[in-house]
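One chain is shown next in structure tokens, namely the form predicted on its own.
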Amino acid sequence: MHGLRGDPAGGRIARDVEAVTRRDAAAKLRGTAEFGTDLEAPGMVWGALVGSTVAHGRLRRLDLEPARRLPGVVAVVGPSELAGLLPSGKRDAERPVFPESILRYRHEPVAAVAARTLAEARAAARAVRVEVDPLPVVSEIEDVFPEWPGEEGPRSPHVIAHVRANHGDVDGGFARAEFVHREVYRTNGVHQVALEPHACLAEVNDTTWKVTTSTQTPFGVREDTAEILGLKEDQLVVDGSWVGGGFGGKAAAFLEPYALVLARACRKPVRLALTYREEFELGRTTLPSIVWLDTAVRGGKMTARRVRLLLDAGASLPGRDFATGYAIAFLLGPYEVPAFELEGYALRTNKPPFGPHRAPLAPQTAFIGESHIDSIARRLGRDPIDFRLAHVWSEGSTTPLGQKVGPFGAAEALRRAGRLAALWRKGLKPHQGVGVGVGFWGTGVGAGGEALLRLTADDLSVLQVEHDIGNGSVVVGLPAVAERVLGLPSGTVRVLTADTASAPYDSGVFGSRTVAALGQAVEKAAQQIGTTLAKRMGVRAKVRLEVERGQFFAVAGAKRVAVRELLTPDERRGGGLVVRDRHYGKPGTIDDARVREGTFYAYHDFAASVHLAQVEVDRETGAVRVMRATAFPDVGTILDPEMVRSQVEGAVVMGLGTALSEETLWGPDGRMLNPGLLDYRIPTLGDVPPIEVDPVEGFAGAGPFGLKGLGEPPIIPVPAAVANAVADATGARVTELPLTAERVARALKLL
């Protein structure tokens, strides 16, 4: 692992701030960066939510008067008050601000209060009387379907999504098989565990509704919130604060509608933030799943596969669940199989709506698919890496849904992993094992975005809407693109942020798309600057920029001109040469003839990731210790080596939590049983092994200079590599995530 350069103990942070290369380091290390939980405004009051006391019930009575009588209370809002506060425009019927009748999950907001202090707001929220007639609670997938459903499946009122796809002679493949390998796997929910809980500050005046919020998607929050409240989008302004971690959990509207309604009611700025316990109880964790896998094998090759998937979507609503069709094809992995059948259901249960977590469901599906393939290879007596190499995609391969694969580095990564695995095996001791995991991701380069670059005599800046979420894609990646295009040294270009009323549109920081997609808009805008300066200099050669004594100069061959002299009078007066450009990717296409029902999603810009893990298993307790890990990410082109390394290392650590310890636990009454870091265990420094990163370059992606998005691919194979290493060490296969000591012990028949 790598810390601050030259300061591993942190003793010189204060005086070394300026030496740190990250552009956001100074503000964050000095504590001047304003996160959502830091937001304040003159006259601000505090908000609090009133939650449902049951996981499923019919609201009989909501008495707000006890809260209104308490000291310091300035607003109390429930369903009946909304008509006088919100426009008469059409609102999203599937997502009411407050439910009027049926309560769907424990702590679902049924009202909200605002008061002069946080303590007074929380006291008022507790004073609201919520009377409910309880209804039966559906807490787990098995409550809906104890086993794979038959024809009655699509008719179940709990089904909110149903997808099916197939291709090739599946029945024939199974009929001719030398053997069929059948397994059932389970995964559990994982929380994002961002350091900062959800928080926002809302202000409403006669013409504008404004919310400043910790979000990955300011424009997405504007769209969602406007739809929920019945506002026109141009009435709503969203401004992003610094984000204390997102990992997908801050990628949609959440607290913002409640804060805005309260601000409208009391005509004061309202700050609304979750406690960390509430963050667990209401946060959008990943979807638990059960998967049935059948694979036909003949001649040492996989010839046909059947995959059946059940997803627990919590209280998600019809039309709001993309996960089934998006995730199910990941279960087939990046492998060529002549015939397949896929079928999946998303099921509504009485838990909070689930949502994305870094590479939504891909680490879980890779664990399932890679464990299954590993089991087949071992059953055949084949080396697991060689078996994968016999099936893995390469450029020009066709995915199960009929897409052509572009440059794809999986085979090269597997070959490197194979050489390293052979070295590791020479030193293995009893109860130690080596495992490999392979994952792929389709980066979000199809999601659109626009960039604005401004060049003055002494400054070059990128203006956009998002703050960095911690990974550096905004504060390091975007300016690095402009610097590389224009020949500038690192650290020259500034990143400026503005709200949705002033900044150019961008889809958001998600899906490994920021540098890969928005970076293309920055690249085009920087090229425009070079072209414009070349015309003004009267040259045809490519122009680069230099900085001398704080001033910019345009250089083309032997010609060198101060940028100040190349700006028009209006540009000198009006703030410089302003250039806009955009990137809106072409939509991916799938073979519709393979789709039988539901919506499947095309992938973009295929990126592979291969990981090796070495583990040691305690044969008395089942405890697993990861001894070392190496990642082989398919990066296309490296833009910033330190950014690559930090992204991969962080992904490995996060993946270890998914692999070994992290899971959300729910009681039969829909209550979360481990809402906090005492019982929800994330990896500590003592759990983190030495991590090596060996990037695979040369398989060009769609991003600037051929780079590929790297936010999500490195986490995907981690649980699979660990699980396969455990099987290698013990001979026992654990088929449920996470691989807790208890589950490993049961697989070893110790319990």
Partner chain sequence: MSFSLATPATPDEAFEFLAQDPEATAILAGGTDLLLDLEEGLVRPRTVVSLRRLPWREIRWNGPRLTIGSLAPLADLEADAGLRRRLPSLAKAIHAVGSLALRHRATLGGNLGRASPASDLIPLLLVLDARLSLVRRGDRRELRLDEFIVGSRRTALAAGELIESVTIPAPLPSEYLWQRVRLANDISQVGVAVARGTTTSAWRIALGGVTPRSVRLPSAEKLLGPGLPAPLAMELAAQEAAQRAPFTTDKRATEAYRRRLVYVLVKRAVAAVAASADALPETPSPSRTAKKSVPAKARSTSAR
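As the structure is a computational prediction, the values presented were derived from the model and not from experiment. Numbering follows the first chain given and starts at 1.
Another form exists, predicted together with its partner chain; not displayed. Remarks below refer to it.
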Taking 4.5 angstroms as the heavy atom distance cut-off, pick the stretch from 550-558, 622-630, 339-347, 487-495 that is near its partner chain in the predicted bound form. 622-630
Flag Ala534 as yes or no: does it have a non-hydrogen atom within 4.5 angstroms of any non-hydrogen atom of its partner chain in the predicted bound form? no
Could you confirm whether Ala741 comes within 4.5 Å of its partner chain in the predicted bound form, counting heavy atoms only? yes
Indicate whether its partner chain has at least one heavy atom within 4.5 Å of a heavy atom of Asp38 in the predicted bound form. no
Would Asn166 count as touching its partner chain in the predicted bound form under a 4.5 Å heavy atom rule? no
Tell me, which of Asp383, Asp618, Glu223, Glu100 has a heavy atom within 4.5 angstroms of its partner chain in the predicted bound form? Asp618
Pick from Ser661, Ser156, Thr398, Thr599: which residue has any heavy atom within 4.5 angstroms of its partner chain in the predicted bound form? Ser661
Note that its partner chain is not shown here; using its position in the predicted bound form, name the residues of 716-751 with a heavy atom within 4.5 Å of it, in sequence order. Ala741, Glu742, Ala745, Arg746, Leu750, Leu751
